[in-house]
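One chain comes next, on its own, written out as C-alpha cells in the form predicted alone.
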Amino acid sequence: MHPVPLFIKGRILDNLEAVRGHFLLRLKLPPAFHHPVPGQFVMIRVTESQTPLLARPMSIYAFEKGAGHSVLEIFYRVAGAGTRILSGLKPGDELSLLGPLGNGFSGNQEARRAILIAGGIGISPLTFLAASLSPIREPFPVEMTAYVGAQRKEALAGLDRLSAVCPDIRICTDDGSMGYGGRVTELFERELDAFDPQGCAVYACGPRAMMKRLAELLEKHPLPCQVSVEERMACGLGACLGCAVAVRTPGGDVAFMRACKDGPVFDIRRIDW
C-alpha cells in the first residue's frame, strides 16, 4: 500500500523549454513528500484563481530525496490553457500539488530485459522507470531497449535523459525525418520475434492509438506488458469518476476502473481497447 498522498506547496527551481513546446519543470518540495514509484503522478494547480479551475495530472519524470528537501521533476508539453500558464512561471514561484498518486509500474523480478515503448510525452514516466531499473538489480542490472516515437524530428524530446540510462534507443518518426520512418509500433512489430517472453517485460506510455495497436501485436505473443494510460483527470483521487477505463473482467465482461486510483498503470491485456 502506498503512503497517503500529501497536499503541499512546491517552489520552482527551473522551468525551461527543452525543445519547442516541451518544458522541464524542477520543483523543490518539503522532505515530507513521499518517494514516488515510477508511473505515479501528481496533480498540479497552476494558479489559485478560478481559471483554470481544475488541477492538471503530471507524470513524474525524476525524483531525488535530500536531507532537508526533495526535488521533483516534471517533463510536460504545452497542450492547453493550464500548461500554457505553467510554462510562463519562473524560478521562485510557488505551485500547489497533490501526490504522489496512483499505482505505478511493478517490477518483473524474472525479467532480464526491459522494453520501453514511448510515444510523444509518454517518454516521461518511462524515463523515471528506466532510471530506477538498473540500480535495483545490481550486480545484474536489467538490459533496456527503448522505442521512442514522434511525428517529426522536432517533436522528439527527453532523449538526453533517457540515453543516460538506456544506451539502446530506437527512434521512429512518422515523417521519416529521423530514425525509422514510420510509427513506433511498426518498428517494434518488425523486431518482436527477437524478444524472449521468458526474459523480457514491456512497458509503454503514449497515445491511445499507439497502445491499442501494441495490444493487438501482443495478442499472440506472451510478452508481459504494462501500460500507463493518458486519461483526462479532474480530482486525481477517484472521487469524480471522470477518468474511467474500460477493462475486461475474468469472466469476459466489461467493467470500469479509475485511471487515477486503480491506474494509471494497467496490464495491457486487461484493457478493453
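All values reported here derive from a predicted model rather than from experimental measurement. Numbers follow the displayed sequence, beginning with 1.
One more form of this protein, predicted together with a small molecule, exists but is not displayed; see below.
| Exactly one stretch in 174-182, 111-119, 150-158, 68-76 has heavy atoms within 4.5 Å of the small molecule in the predicted complex; which is it? | Within 4.5 Å of the partner lies stretch 68-76.
| Listed residue (91, 197, 80, 88) with a non-hydrogen atom within 4.5 angstroms of the small molecule in the predicted complex | For this set of options, the contacting one is 80.
| request: Could you check which residue among 223, 229, 247, 215 gets a heavy atom within 4.5 Å of the small molecule in the predicted complex? | output: Result of the distance check: 229.
| Taking 4.5 angstroms as the cut-off for heavy atoms, does residue 124 touch the small molecule in the predicted complex? | Result yes; residue 124 sits at the interface with the small molecule in the predicted complex.
| Taking the shortest heavy atom distance, is residue 41 within 4.5 Å of the small molecule in the predicted complex? | Yes - in the predicted complex, heavy atoms of residue 41 and the small molecule come within 4.5 Å of each other.
| message | How about residue 36 - does it come within 4.5 Å of the small molecule in the predicted complex, if we only consider non-hydrogen atoms? | response | Taking the distances in the predicted complex, the answer for residue 36 is no, it never comes within 4.5 Å of the small molecule.
| Would residue 233 count as a contact of the small molecule in the predicted complex, using a 4.5 angstroms cut-off between non-hydrogen atoms? | Residue-level check for residue 233: yes, a contact with the small molecule.
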